[in-house]
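Just the one chain here, laid out as structure tokens, in the form predicted alone.
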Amino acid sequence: MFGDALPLAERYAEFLADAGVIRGLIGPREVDRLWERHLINCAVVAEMVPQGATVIDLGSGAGLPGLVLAIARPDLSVTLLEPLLRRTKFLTEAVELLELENVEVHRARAEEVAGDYQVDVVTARAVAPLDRLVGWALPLLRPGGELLALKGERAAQELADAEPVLKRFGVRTAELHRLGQGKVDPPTTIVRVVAERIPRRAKRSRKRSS
């Protein structure tokens, strides 16, 4: 999954196991399962991201999945969007350590930059329930862009609960995918949401910021 970038992925794993634990971005119990539970769990998402895509990783935290995708796919242009200072400091240090030229770190909430971006893909992992996540993510997408939300056991229920919000935003497609069979156990569950148009919320946000 990482190919020639495996040494970079290993350096990132070491950084997570050290600074990530010290700064409270991941728990110490996660160190022994960093690869299966975190890195590989995120890396399998790369197969759903188009070649040369622009990507925002929403609420990036420790860089999962955004940094993993940037390592595995140097063709991508990735923005790590994170509101907390201590996390953006960690992300900036990780980008510098790994010498990743296809990544930028932006400290902001999604609502603050709604309408400022029109990217191909927004990713999110353990950020919020889908009904809230859609409202944050879709204003960052171009028409036809995709939200790829990494979800757990409640993915199907979250998708059902989010139906009113999805209709309000004029979503074209909302569906479940399970990725990484035979590579990671359990497989990674993705909710894929395709935007039909730029949501009105993004346009209102642009006016407020002007």
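Predicted model, so just to flag it, every value in this text is computed and none were measured. Residue positions are given as counts along the sequence shown, with the first one as 1.
If you look for the form predicted together with a small molecule, you will not find it shown, but the lines that follow are about it.
Comment: the small molecule is not present in this chain, but in the predicted bound form one of 121, 138, 110, 94 has a heavy atom within 4.5 Å of it, namely 110. Proximity of residue 127 to the small molecule in the predicted bound form falls within the 4.5 Å heavy atom cutoff. Although the partner is absent from this view, residue 73 stays clear of the small molecule in the predicted bound form, with no non-hydrogen atom inside 4.5 angstroms. Proximity of residue 180 to the small molecule in the predicted bound form: non-hydrogen atoms within 4.5 Å are absent; the residue sits far from the partner. Looking at residue 64, you'd find a heavy atom of it within 4.5 angstroms of the small molecule in the predicted bound form. With the partner left out here, the small molecule still marks one of 28-36, 153-161, 166-174, 53-61 in the predicted bound form; by a 4.5 Å heavy atom cut-off that stretch is 53-61.
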